[in-house]
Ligand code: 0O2
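Quick setup: one chain, the form predicted alone, written in structure tokens, and binding and motion questions come after.
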């Protein structure tokens, strides 16, 4: 299993805050980012343990790879401003649940649901919200399973609850989502109508192929 990370160090966070004249937030913000980093570590470690257990017991890894990211200070404050929220530490806590992000790429659809169920059954990880874009894709064709969870992080002064966003999808879903993101990026967030229709068609084609591969995998397991 490969793990890809995009997590800023505390020094990087402090540097960005000072670049943006936000010195008064440096100490508190660095402490908060420590909590979000700890939440990412806990979720990732839990996922890796589950994957290792599957390998030992079933000679199979349901997780293809894991990606993690921690929002930058610039991104956090920018999102608050775009949504019309006050730019304060309390506002971050009250309004943003995706500062800590974990993306889990699984081999098959069954794996995605299995990993989601096992993860939220874990002590210290509580499900707050679930959006199933696999069962009900977005109009563009985007498919993924989104979970907002509350992670109990244990610090020297006790347990702290930290929100985190987890996206669980298959290799095919991630491939499509990555290309969609690049198309939107090149077109400043908007995709031309003629391309939008093609994107949805291609998503449906990938979904059909994925269902066939899933059935083949099930048949293989029954044969074994």
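Positions refer to the first chain, counted from 1. Everything quoted here is computed from the prediction, not taken from an experiment.
The protein also exists as the form predicted in complex with the named molecule; that form is not presented, and the subsequent description refers to it.
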Discussion item. If contact means a heavy atom within 4.5 Å, which one of 128-136, 86-94, 149-157, 107-115 is the stretch that engages the named molecule in the predicted complex?
Written reply: 128-136
Response to the item:
Exactly one of 70, 35, 171, 177 comes within 4.5 Å of the named molecule in the predicted complex through a heavy atom, and that residue is 177
Worksheet item: Each of 42, 48 and 64 near the named molecule in the predicted complex, meaning some heavy atom within 4.5 Å?
Response: no
Worksheet item: Would residue 122 sit within 4.5 Å of the named molecule in the predicted complex, counting heavy atoms only?
Response: no
Worksheet item: Any chance residue 184 has a heavy atom within 4.5 Å of the named molecule in the predicted complex?
Response: yes
Worksheet entry | Interface residues of 138-174 toward the named molecule, as seen in the predicted complex [heavy atoms, 4.5 Å] | 138, 140, 142, 146, 165, 167
